[in-house]
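Read the single chain below, which is given as structure tokens and is the form predicted on its own.
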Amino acid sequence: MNRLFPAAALALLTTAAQAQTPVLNVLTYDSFTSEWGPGPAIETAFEAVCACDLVFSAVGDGAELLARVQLEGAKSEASVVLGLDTNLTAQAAATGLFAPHGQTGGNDLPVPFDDPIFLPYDWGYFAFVYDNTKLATPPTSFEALAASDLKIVIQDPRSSTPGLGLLLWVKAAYGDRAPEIWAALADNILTVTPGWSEAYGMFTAGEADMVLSYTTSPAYHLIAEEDAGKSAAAFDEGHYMQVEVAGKLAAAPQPELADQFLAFMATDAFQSVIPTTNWMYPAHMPEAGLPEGFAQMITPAKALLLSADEAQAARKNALDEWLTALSR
């Protein structure tokens, strides 16, 4: 009697079953898929309802997503791209690589948002985060920051959505004075990192006084680490908003699963994960509301946000002004 036959047959049946399980590939940024990010919990929750295998593929940061999509074109294995923001959506839509989402229903964003191609899943305000046990009086504007001797870490706008958001924050706040502001800030910039994770790691290691992040970043330290020592500096000129979105690729290998995933983003199972993993505000308020620590975060007196078309139009000049200032 061949005792290997049952095991071999079982392996063949398992392989056949796996082959019949559809795979939804979602392209996103690396912090989303990290063990402390929302990816693992969302994967588990979606697979419980989709009868599929959800696979996240990651690049370094949000701004790299669009470059990856353009490089792969219609040959991409991804069906959904998650992690672009409204500073990039006009450019992304112009590629013709994305399809209308066809979803209905509103959202809980503090600004009107209605895009036929991209759906929001979270949002926040950019801010400079500092250690309040070391810095008693933080700057209250870009001009005050430039006049100080504080060292900051920021992200590269060519690869990072926070980095691009900073350029448009300065542009939205100062308009034609933006080159002047960047010239004054140049000697405060300790370094420019490719993405958010590297920059924030340098800050938490004590290598910089402040780091470009979000008003909600201190909530992580407060809730996850029981550390009240991190704060976001409130700037008088206002804070620029980031709205993160997802979209379906026109050549999606799994278009029906892509539609199901985009609809799932609006559910409590997805949105309730966002505050304490991505440390942003959910686009749809969960039934339980926000975690208690979020009430202690600063609320900007003024919200700044360029439309998708305005952001696309301003991007090149803002980048040129930044590069000019840093090259002097």
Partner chain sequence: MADRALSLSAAGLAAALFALLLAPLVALGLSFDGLTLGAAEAAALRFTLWQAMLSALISVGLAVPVARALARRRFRGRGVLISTLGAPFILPVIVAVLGLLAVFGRAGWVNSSLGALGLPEFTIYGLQGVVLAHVFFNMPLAVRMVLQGWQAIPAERFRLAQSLGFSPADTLRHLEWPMLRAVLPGAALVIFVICLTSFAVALTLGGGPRATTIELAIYQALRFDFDLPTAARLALLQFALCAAAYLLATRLTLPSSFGAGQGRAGGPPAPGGWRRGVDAVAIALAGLFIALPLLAVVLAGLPGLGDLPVQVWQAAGRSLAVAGASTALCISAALLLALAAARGRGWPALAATLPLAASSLVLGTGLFLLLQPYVRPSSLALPVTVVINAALALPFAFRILAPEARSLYSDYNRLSRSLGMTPWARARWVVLPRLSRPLGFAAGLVAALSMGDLGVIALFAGEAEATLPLLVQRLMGAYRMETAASAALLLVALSFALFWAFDQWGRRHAAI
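Everything numeric in this text was worked out from a predicted model, so none of it was measured. Residue numbers count along the first chain shown, from 1.
What comes next is about the form predicted in complex with its partner chain, which does not appear here.
**Asked** Can any non-hydrogen atom of residue 148 be found within 4.5 angstroms of its partner chain in the predicted complex?
**Response** Contact check for residue 148: no, nothing within 4.5 Å of its partner chain in the predicted complex.
**Asked** Does at least one non-hydrogen atom of residue 122 fall within 4.5 angstroms of its partner chain in the predicted complex?
**Response** Contact with its partner chain, no.
**its partner chain contact in the predicted complex: residue 31, any heavy atom under 4.5 Å** = Judged by the heavy-atom cut-off of 4.5 Å, residue 31 is in contact with its partner chain in the predicted complex.
**Message:** Against its partner chain in the predicted complex, would residue 106 count as a contact residue? Criterion: heavy atoms within 4.5 Å.
**Reply:** Looking in the predicted complex, residue contacts with its partner chain do not include residue 106, since no heavy atom lies within 4.5 Å.
**Message:** I need to confirm a contact call. Of 256, 236, 207, 180, which residue comes within 4.5 Å of its partner chain in the predicted complex, counting heavy atoms only?
**Reply:** The option sitting close enough to the partner is 207.
**The single option of 217, 79, 242, 89 touching its partner chain in the predicted complex, heavy atom within 4.5 Å** = When its partner chain is considered in the predicted complex, the option within 4.5 Å is 217.
**Request:** Given that the partner is absent here, state which listed stretch (228-236, 167-175, 195-203, 248-256) has heavy atoms within 4.5 Å of its partner chain in the predicted complex.
**Result:** Stretch with heavy atoms near the partner: 195-203.
**Prompt:** If you look in the predicted complex, which residues in 308-325 sit within 4.5 Å of its partner chain (heavy atoms)?
**Reply:** Heavy-atom contacts to its partner chain in the predicted complex: 315, 319, 322, 323.
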